[in-house]
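The chain below stands alone and is given as structure tokens, in the form predicted on its own.
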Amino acid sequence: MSDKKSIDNFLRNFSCIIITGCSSGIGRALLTRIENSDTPALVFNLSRNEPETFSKHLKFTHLTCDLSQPTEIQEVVSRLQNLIPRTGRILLVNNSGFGAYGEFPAPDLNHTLKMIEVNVSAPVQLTGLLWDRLKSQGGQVANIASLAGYQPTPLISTYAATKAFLLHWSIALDAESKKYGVRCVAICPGPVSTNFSRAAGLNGSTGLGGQSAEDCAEEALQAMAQNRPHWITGWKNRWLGFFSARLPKAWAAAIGLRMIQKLKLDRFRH
């Protein structure tokens, strides 16, 4: 079976697909790929902004939610509980996240704390509130982590740590939840052409290259379809992840600092 057909069959196997942050970037690319699969699933986007365009045949609902606010997550899940079909498997994709560049706590402490709320607390809260439904109906939780989660990374230290949490949490949760018919996967992209760089405070190219959001989404869905506990998208990124994860942590941090410093600080705005 081709990769395209396996992804189409995978997506058609759900009665409900929930994604956070599919108005742009990887999330928008995932939504586009879901549209093209002709899935009968109800599709929900949880974010502050609604995607601009999507196929009319897609059974799509946008639910406005600021994922940095636990009370808003609680409220939106209360609405979701009444909208999710009572039968059929559920796919939850915790995609929303943002970062920051600079020495801690740049750009400021409030930004850093909000990053932890969106990147760590929101996926845990959202998954936890939907956990009983996932266990009773079966399905999958996919967490969009990062290649940065495989090692301590200076100058994006908090962001990398949030992604390390998602990576290890996902793998452990997968081991726990298999017996309930629920699988968990951590998708770990390297550099991707999205709005993430601008949100992190980057101005222009970082010089790191990287995948398009569409290629990343395609590879991510293939990993989900194969129930991989974790997957780094892009073969170059997989080599980097393989070697960096095996270095002593202090060495990995020192090497990471040198690499990031070579990107020229005048490319970044603060």
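In this text, all values refer to a predicted model and were calculated from it rather than measured experimentally. Start at 1 with the first residue shown and count on from there.
Unshown form predicted in complex with a small molecule; subsequent notes refer to it.
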Taking 4.5 angstroms as the heavy atom distance cut-off, pick the stretch from 172-180, 88-96, 133-141, 104-112 that is near the small molecule in the predicted bound form.
88-96
Should V192 be classed as touching the small molecule in the predicted bound form when contacts are defined as heavy atoms within 4.5 Å?
yes
Would T32 count as touching the small molecule in the predicted bound form under a 4.5 Å heavy atom rule?
no
Heavy atom to heavy atom, is Y150 within 4.5 Å of the small molecule in the predicted bound form?
no
Give a yes/no on whether V118 approaches the small molecule to within 4.5 Å in the predicted bound form, heavy atoms considered.
yes
Picking from S55, N49, Q222, T61, the single residue whose non-hydrogen atoms come within 4.5 angstroms of the small molecule in the predicted bound form is N49
When the small molecule is placed as it is in the predicted bound form, are I26, S68 and K163 each within 4.5 Å of it, taking any non-hydrogen atom of the residue?
yes
